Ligand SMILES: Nc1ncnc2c1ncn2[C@@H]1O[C@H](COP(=O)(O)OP(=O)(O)OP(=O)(O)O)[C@@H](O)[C@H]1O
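Just the one chain here, the form predicted on its own, laid out as structure tokens.
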């Protein structure tokens, strides 16, 4: 039995069909929202080649996941202290070998993280955008896949493409849709309705609306100040939605029925890779 089969950590992959929809900002704020509710939360930057969660926080990591994989440090030594008590595990940035890493190695990274003790209550994975190998591998390891969309035709088309690949190729069914940066809740429901209609028509798949995040005029300034919504606008409408989504995810159960590659991890360090 593998460590993931025994785990209590709930895995949430935050993905999007296209970039520029606010996925990383949402990942960071959702992690912080869960932490404010008393949970131990880790946020892993799963964009292996172009990681940028640490950029949003204005932190320059001494080590990242590529250093742990190469044996230059332990996984724990990559951890950064984030807002609200969360721990951030930085991915690699500008390293081609990490961008080209295979599915087995990507899986081993996640399995290594969930073997660490004391375990996190939630491991949020900020995946890259699109339907590349890293994205689909990280998404299929998760208990639920949060798909972030915005009010743009390209966002909806690419989100549907991601959902179709995960559903048809990997059997994923647990999708939670977040409509981000919309003018009104009514508009958000319309945007979600378009995606839902296409998913039902071509996949016979019923999607779940996790939340509608309203346009927050101060987001640009908050980002520049390296702050989170909860710290900068604790009573804002967008913050309220983040907390509502966090409450939904508290009911999420860790699944145990997936077959995983075996680990070769000892004391938080990576051993020889499996063939």
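Small disclaimer: the values here were computed from a predicted structure and weren't measured. Residue numbers count along the first chain shown, from 1.
What comes next is about the form predicted together with the named molecule, which is not displayed.
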Quick check on residue 219: any heavy atom within 4.5 Å of the named molecule in the predicted bound form? yes
is_contact(residue 137, the named molecule) in the predicted bound form, heavy atom dist at most 4.5 Å: no
4.5 angstroms heavy atom contact with the named molecule in the predicted bound form for residue 49: no
Taking the named molecule as it sits in the predicted bound form, is residue 214 in contact with it (heavy atom to heavy atom, 4.5 Å or less)? yes
Tell me which of 244-252, 32-40, 219-227, 65-73 has residues with heavy atoms within 4.5 angstroms of the named molecule in the predicted bound form? 219-227
Of 176, 143, 181, 111, the one that lies within 4.5 Å of the named molecule in the predicted bound form (heavy atoms): 181
Of the residues 191, 199, 129, 92, which one places a heavy atom within 4.5 Å of the named molecule in the predicted bound form? 129
Contacts with the named molecule in the predicted bound form - residues in 22-53 whose heavy atoms fall within 4.5 Å: 22, 23, 24, 25, 47
